[in-house]
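Consider the single chain below, provided in structure tokens and representing the form predicted alone.
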């Protein structure tokens, strides 16, 4: 099967126009393209230039037109509200066309921006598709983001309309959204005239008569509206990702290339066809939610699960498995951090005892590096193929993966497998020279990037070039460090910034974490580099223990230090380690290593807008202070 994968990949690199023209035939076009790849304005490449299509038509209307209107499009599962219901493609079309009609009635046109600030409810998907229907550019902001962060995005996107909800529901309780939205609009210099607010029964919001409209009544009174033919190169959405300067970067995704790439990936990578059920346990505020809760599954006519809950605590670590069994999920996609949370609370898989997962064919993990221990635990517990794969907000779909719907290859723990067709991945040194097999370096992708990847940053082409293209001309800089083995398998070890320089030895935090997670008591680990007068930097590890572990701290620390010495060697100088109750993470599951490093070194830092639980930073700060780092008063 590896040869079959390599042959397909070679075709995508050597004959990209033929390869992607074949893939483009899987979606419906209003007008065929003039050229598959337009490189006249390199490095701003354009796919399917001259072609016209509509993403919403391909995700909704065509399935109804082909007689599949009664098939379930979205299955809403909300353990936090104890509510479940399904939406057919016909019902989805009715909701989306009326919401688009409302937008049109207030003057929202092609190219206008619409900010969506909502929880994990079906109306959020309606909002995205309604924008796509009329050519408005949506920008989804994760529901519950702080008001100042929302204001920053409003100022950058300059929306004509904001779609929001009265509240979100977290395991901790109701989170009011409307006060945050009102505060953000007061802070923002850009003035928004129209807000459409979904009032939820858990907490109804007070509407301002001059600006706010009630979602249900406004949409019910709106006319249906059809799809607007759009240029393939027209923007579909802007999704903001954190920038190193504190100013978020607006990743721009086009219509045509995006639809083609996602349609191709659903079958080839995730093994999902029309009528199958797919579940990406993420949030529409993240790129995973854009690509694989809303657009990807609907483009191929699958059923997509929308889940409002957590892997644990809503109500227990068996919630994911019961949902998969109940709704006959064929492929399941979640983050390694979710699996680690389940493993921590249910290390022996007791919640799986009475659950029939016969429907489940594959489990996919992405969002943060999957350490081998997590992969093996998942395989052993679920008795299913567990597939690590790697991609980014900027790429929009997988860069390295196992093609489970086309040519599955051997799974190697710690690796997201081989480059996906369309991506030419290289590992280079600081001078841009390719390094040898098994030698670490900076991971880059040769231009042009395939369809579906970012085309630029919103209204900031210079920043796009400076951030991604300038360091290695002709290549896209991923910002990740790693290596490839002799067979071409990629290993992503850390962000480039997370390489620790210990007395001249460059060591990856990912490798340390991999070793720490081998210990039977450890559920997850984070390693950061802290300043050291003698060695420049030394590694410091924080571990979260599995529930029920009674090992005393001194014994644990000695065993962990011995394990690192055995696996990495004395050069690692690993002597700083402590157990903590929780690690600080973003809501998408990424550990905030950079923030922890700043705390340890007494550097200034900004509370990340995406942090899931701010209290975790206090836990870490207290632990670091006890270890001799992070002055308590800073």
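Numbering follows the first chain given and starts at 1. Since the structure is predicted, the reported quantities are computational estimates derived from the model, not experimental observations.
One more form of this protein, predicted together with a small molecule, exists but is not displayed; see below.
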### Task
Using heavy atoms only and a 4.5 Å cut-off, decide whether all three of 369, 393 and 495 touch the small molecule in the predicted bound form.
yes
### Task
Would you kindly say which of 501, 247, 462, 217 lies with a heavy atom within 4.5 Å of the small molecule in the predicted bound form?
501
## Note on the structure
Heavy atom within 4.5 Å of the small molecule in the predicted bound form, from candidates 287, 121, 137, 154, belongs to 287
### Query
Is the gap between residue 254 and the small molecule in the predicted bound form 4.5 Å or less for some heavy atom pair?
no
### Message
How about residue 88 - does it come within 4.5 Å of the small molecule in the predicted bound form, if we only consider non-hydrogen atoms?
### Response
no
### residue 388, heavy atom within 4.5 angstroms of the small molecule in the predicted bound form
yes
### Task
Check whether residue 480 has any heavy atom within 4.5 Å of a heavy atom of the small molecule in the predicted bound form, and answer yes or no.
yes
### Query
Pick from 466 to 474, 508 to 516, 103 to 111, 359 to 367: which stretch has a heavy atom within 4.5 Å of the small molecule in the predicted bound form?
359 to 367
### Query
Which is it in the predicted bound form for the CA atoms of residue 497 and residue 459, closer or farther than here, knowing they shift by 3 Å or more?
closer
### Task
Just say closer or farther for the C-alpha distance from residue 537 to residue 431 in the predicted bound form, relative to the shown form; it changes by 3 Å or more.
farther
